[in-house]
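One chain is shown next in structure tokens, namely the form predicted alone.
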């Protein structure tokens, strides 16, 4: 990308941020009430953020990061492995695909009571929800990618008498665009899942921070949690895309997402 093009892109993004902040200010004026600050201004939310930064915000952010990252990693690895099995073996596809298609439509919120009963209200009760969210998203995309591999590719790998791990590498690389898409979508969904779990079963975390803000009628605190959540999700997506460009440049050149 040339220098003028980058400057133009930066200007558009800056204008987008300005538009968002301007809309926030207007809404804060329109929704002002004498008794309750229903929609605090950006300045009021920023001040509340600075206050929380000196108390529990760092601890809550770290807790949510650990839950989201751990759950996403475990769920993604399980999803890729299960997707490879379902996509490559007809018997596994017949037995497991209906189960996956049935379970993936259950809302993550419905799993929270079970997670509390099984794991208490500690780390694993929240991380298990992220595991399920990531698992279902990744397994569906992996199955699609593996099933779409052309027969010629499979026959070529067999005719070359490749070892099983070499044939597995061929399958993985062929399905990698769909796998990466599933990983990226599940990464975004993980942030929503961790907040859902923390709202119900959390003592720490961004969701718990927002829950305590709601109990105290502290709308600014709720907004701080929302902004932190959005920023973390944006940074995670940015880091993922940068890693994808470095590790799989051939995918980026063929599919812009």
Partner chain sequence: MKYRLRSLLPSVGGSASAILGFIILLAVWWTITALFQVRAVILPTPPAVWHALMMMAADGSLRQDIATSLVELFWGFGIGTMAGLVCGGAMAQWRWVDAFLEPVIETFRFILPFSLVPLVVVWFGVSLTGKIFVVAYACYFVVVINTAAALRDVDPYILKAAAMLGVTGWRRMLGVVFPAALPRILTGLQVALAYAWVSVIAAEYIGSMAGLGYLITNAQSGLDTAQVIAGMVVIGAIGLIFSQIVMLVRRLTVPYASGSSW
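Positions refer to the first chain, counted from 1. Each form is matched to the other, and the largest set of C-alpha atoms that superpose within 1.5 Å is called the rigid core. If you're wondering where the values come from, they're calculated on a predicted model, not measured in any experiment.
Just so it is clear, the following notes concern the form predicted together with its partner chain, a form of the same protein that is not shown.
*Asks:* Find out whether any non-hydrogen atom of residue 242 is located within 4.5 angstroms of its partner chain in the model of the complex, and reply yes or no.
*Replies:* It does not: once its partner chain is placed as it appears in the model of the complex, residue 242 has no heavy atom within 4.5 Å of it.
*Asks:* Answer for residue 99 alone: is it within 4.5 Å of its partner chain in the model of the complex, judged on heavy atom distances?
*Replies:* Flag for residue 99 set to yes.
*Asks:* Verify the contact flag for residue 184: yes if a non-hydrogen atom of it lies within 4.5 Å of a non-hydrogen atom of its partner chain in the model of the complex, no if not.
*Replies:* Yes, residue 184 sits close enough to its partner chain in the model of the complex that at least one of its heavy atoms falls within 4.5 Å.
*Asks:* Is residue 68 a contact residue for its partner chain in the model of the complex, using a 4.5 Å heavy atom cut-off?
*Replies:* Flag for residue 68 set to no.
*Asks:* Within 4.5 Å of its partner chain in the model of the complex, heavy atoms considered, which of 172, 74, 85, 116?
*Replies:* For this set of options, the contacting one is 116.
*Asks:* Answer with one of 199, 52, 63, 45: the residue that has a non-hydrogen atom within 4.5 Å of its partner chain in the model of the complex.
*Replies:* Contact residue from the list: 199.
*Asks:* If you apply a 4.5 angstroms heavy atom cut-off, which residues in 132-147 are near its partner chain in the model of the complex?
*Replies:* Heavy-atom contacts to its partner chain in the model of the complex: 137, 139, 140, 141, 143, 144.
*Asks:* Is the C-alpha displacement of residue 46 equal to or greater than 2 Å between the shown form and the other one once the rigid core has been superposed?
*Replies:* Moves: no, less than 2 Å.
*Asks:* For residue 17, is the C-alpha shift between the shown form and the other one 2 Å or more after core superposition?
*Replies:* Residue 17: C-alpha displaced by 2 Å or more between the shown form and the other one.
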